[in-house]
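Next comes just one chain, in structure tokens: the form predicted on its own.
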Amino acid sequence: MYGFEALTFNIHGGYLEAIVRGHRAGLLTTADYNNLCQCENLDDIKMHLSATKYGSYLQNEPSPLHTTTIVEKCTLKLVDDYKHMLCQATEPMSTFLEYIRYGHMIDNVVLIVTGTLHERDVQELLEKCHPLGMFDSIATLAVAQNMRELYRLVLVDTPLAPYFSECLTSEDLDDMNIEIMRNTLYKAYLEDFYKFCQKLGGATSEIMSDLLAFEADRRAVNITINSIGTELTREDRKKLYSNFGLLYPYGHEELAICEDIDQVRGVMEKYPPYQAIFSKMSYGESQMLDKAFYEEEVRRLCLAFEQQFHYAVFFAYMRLREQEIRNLMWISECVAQNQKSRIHDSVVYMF
């Protein structure tokens, strides 16, 4: 079907594609970031943001501002955009947009379960949850003692239920099990989303396959690095890798046996798209890896807008807006803590 989307796409998707391209034009530019980096305090940041799409969300906030307030209001803008698009969407686009939420739902489940394990107040945890990942029974997650209870009492009625089939053990929840649960859920979620995009066909399938494969490969690298020196066995580590992506299957075989960051680097440098990412880092260093991955992701997301008549622009817009909020949080924290010398360390420029 690739190449014939133009005949029918605009019947149901034309209006929403125009909307999302308009939203994309409202993302902050390099000039905006340069201005924000010159700010002396959070009120200056608010003043600069008043000329952007965030202006109406921040205009009624009293001084003194806090970083959490800026992040909260900017996230509200993202949620409003998403809800507007979801309300206007018809099948299969509405299902595609729902899939974008599932990652936040997984993060919220893990946040609540981890917080409860460390005896944090449930109400305080709910305030920290991402609004896109909220669902009706989320507050009752706190009562679960193991994975089976978590599924039976709460998650069986949520969209995450099918992803829990691999996590159902009677082991008590501890930090290690929760992290394994997060990665197992993400693996099932990414594979399911990938299959759904393949079924859609056309440009959506082609572009989303590339974006999701990159996400799967990045998670494989992060899982490998984070599990070095832990009790996670090589077989268990390999089970957490998604069954698609550029690294699948031979890269996964090699990553599973890596024992330090330089061995991971050796594996990744065999794959040209990732060679450029690791060439930015010196040996033995992993601090800059996250930023290098984010920069590559942003480059790929921006390329999604170069084609028309596909759903990947919605995924790309949501991810770019999330990256923008991460940038604003970092800039605001640096300004608030008087660490302006570090302000460029984690800002990922987009346009």
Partner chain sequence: MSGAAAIHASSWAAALVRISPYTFSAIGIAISIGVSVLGAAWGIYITGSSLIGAAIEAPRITSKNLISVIFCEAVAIYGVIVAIILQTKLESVPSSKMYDPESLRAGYAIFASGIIVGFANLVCGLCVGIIGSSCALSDAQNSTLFVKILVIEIFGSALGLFGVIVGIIMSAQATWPTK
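Numbering follows the first chain given and starts at 1. A quick note: this is a predicted structure, and the numbers were derived from the prediction, not measured.
One more form of this protein, predicted together with the partner chain, exists but is not displayed; see below.
Candidate site formed by Pro272, Ala276 and Met288: none of these residues places a non-hydrogen atom within 4.5 angstroms of the partner chain in the predicted bound form. In the predicted bound form, at least one heavy atom of Arg21 sits within 4.5 Å of the partner chain. Looking at Thr69, you'd find every heavy atom of it more than 4.5 angstroms from the partner chain in the predicted bound form. Of the heavy atoms in Lys53, some are within 4.5 Å of the partner chain in the predicted bound form.
Among residues of the shown chain, Tyr15 is one whose heavy atoms approach the partner chain to within 4.5 Å in the predicted bound form. Put simply, of Gln308, Asn35, Thr29, Asn41 only one has a heavy atom within 4.5 Å of the partner chain in the predicted bound form, and it is Gln308. Contact with the partner chain in the predicted bound form, defined as any heavy atom within 4.5 Å, is confined among 308-316, 292-300, 56-64, 43-51 to 308-316.
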